[in-house]
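This document opens with one chain alone, in structure tokens, the form predicted alone.
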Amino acid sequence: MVIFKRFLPFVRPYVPRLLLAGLLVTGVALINLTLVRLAGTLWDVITVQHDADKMTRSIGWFLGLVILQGLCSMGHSYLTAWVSQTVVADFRKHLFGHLQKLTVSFFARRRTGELLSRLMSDVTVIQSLVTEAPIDGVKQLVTFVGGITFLLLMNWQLCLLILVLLPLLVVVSKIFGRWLKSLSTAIQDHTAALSTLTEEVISGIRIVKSFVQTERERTRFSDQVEQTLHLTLRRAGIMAVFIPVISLLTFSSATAVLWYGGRQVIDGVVTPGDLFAFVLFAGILIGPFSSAAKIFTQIKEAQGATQRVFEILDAKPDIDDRPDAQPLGTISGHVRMEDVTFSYDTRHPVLVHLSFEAKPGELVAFVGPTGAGKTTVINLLHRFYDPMEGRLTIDGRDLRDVTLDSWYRQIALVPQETILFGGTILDNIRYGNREASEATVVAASQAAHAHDFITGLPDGYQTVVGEKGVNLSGGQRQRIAIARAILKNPRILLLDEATSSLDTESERLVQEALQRLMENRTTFVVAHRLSTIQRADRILVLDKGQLVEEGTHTQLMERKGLYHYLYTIRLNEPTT
């Protein structure tokens, strides 16, 4: 019931179609019962009454009912499939949309393969239970109630022989159900782990090959497959015993009916046709019991899938708009970080009481050893995370008082790891502005010094970049990312090692483009290369999450502190 309750909002728009499917499947069940009863009558007409005219009329009715049953069956099958696939499509879109709302911290704690498994496999498991099982349940319920009714009216003593084993069937189903639930949950968990492993190895195939780890990854994959196979075979073994046991118990009842009913036919109490119909009814009742066992198994499988899927839907974004948050209008770009403390976990603070200011149009660079907190500052500025203490302001307004979308529209991020999406170069640059004309895209590419190499490709701007831009070099990917940022025309620029993948010549060209782009915009830069930060209006030197030095390049070099050390030891690049 919990599963149905959670899924009800997605099923509700299609309830009329489900009701129609239920009505049609009810018709199928009733016609099947009528056909069985008619078969018994026909048997008596042929073997006892020897009435040819009555036989012809009965066969005519039989054929008409078969045709009607086929039409009803086609109708309910199509409606059920239509609703089932539509509901799962709606739910997947809702789940994917919810994933988009969750913050960066959520994805930092999850593996991609696991999320893919929940979005695809687990949703399919739930969908079959929520949409298909109820329709099948209606059919089997009508079959069971109608069959029992016919049996009671025909011979209540024989009917009792069938019903006597019902409690035993329930007990057997409950025992097997516990095993099936445990195994199904474990199988789904292992399947998710297998998806994660596959995604990691494929995305990192260059590293795998470079470090000669193909055999190790093959072994890991094989081990994971074997574990999943072992659990799947155990479940198959239980199912192989479960269904036959249910059928055996049901057939045992039917055998007892045949023996007892046969005695009554010999004694003249019932006709051969009645016994024939009674045995057919007993056989039909196997369907509801077998179907109940199948649905019971689906419920146990869906319980684990539901828990995993709704765990995602129940997740709340760590960063969200306050009820009174207001859209951010045109800004000048005055940014302040005031006494900010932040950590990804409570044990290891990353930033400690950090404060700084960036005036409109300034270029502020962050420098420091690895782990100093530079990228974390960029994450906070973008508001991927919120400070645990202190606050960030834009033009004097706390960022938590403005809507996220309005703030994100003011920012362009060029990260260290360039992210390109499957599609063409044109599509990727337009990601910064979906309505941009092709001429505007070309202008942005020229500003990022990407136009020449793009037009040199066989398909130009229509060149497909491949998964994550695999068909392009690192420098080419980075320049496309910069063109994408230029096209967005932001007020705030965040450059996190934005030129790290460029050679010296490409970097010079991009620096010129960025220099023009940064005019009248507030820019924050994280970089190791000295050429990127020498022209900064202010350099902030971080160490262990604290601001230890601040000034221009010349001022900091004169102080001979940490910046001087980093420059002379680590940042002094050889010229080529």
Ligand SMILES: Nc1ncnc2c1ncn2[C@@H]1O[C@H](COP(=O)(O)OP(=O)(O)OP(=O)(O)O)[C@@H](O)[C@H]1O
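Everything quoted here is computed from the prediction, not taken from an experiment. In this text, residue numbers run from 1 along the sequence as written.
There is also a form predicted together with the named molecule; it is not shown, and the following applies to it.
Can you pick the one in V350, V309, I284, L494 that has a heavy atom within 4.5 Å of the named molecule in the predicted complex?
Only one option qualifies, and that one is V350.
Looking at I480, A372, V441, V83, which has any heavy atom no more than 4.5 Å from the named molecule in the predicted complex?
Flagged contact: A372.
In the predicted complex, is there a heavy atom of the named molecule that lies within 4.5 Å of any heavy atom of T191, even though the partner is absent here?
Answer no; every heavy atom of T191 is more than 4.5 Å from the named molecule in the predicted complex.
Considering only heavy atoms, tell me if Y385 and the named molecule come within 4.5 Å of each other in the predicted complex.
Y385: contacts the named molecule in the predicted complex.
Would you classify Q224 as touching the named molecule in the predicted complex, given a 4.5 Å non-hydrogen atom cut-off?
No, Q224 sits far enough from the named molecule in the predicted complex that none of its heavy atoms falls within 4.5 Å.
Consider A108 of the chain shown here, and say whether it contacts the named molecule in the predicted complex, taking contact as heavy atoms within 4.5 Å.
Taking the distances in the predicted complex, the answer for A108 is yes, it comes within 4.5 Å of the named molecule.
Which one of these stretches, 363-371, 228-236, 313-321, 241-249, sits within 4.5 Å of the named molecule in the predicted complex when only heavy atoms are counted?
Selected range: 363-371.
Within 4.5 Å of the named molecule in the predicted complex, which residues of 36-67 have a heavy atom? Give them in sequence order, or say none.
Sequence-ordered list is empty.
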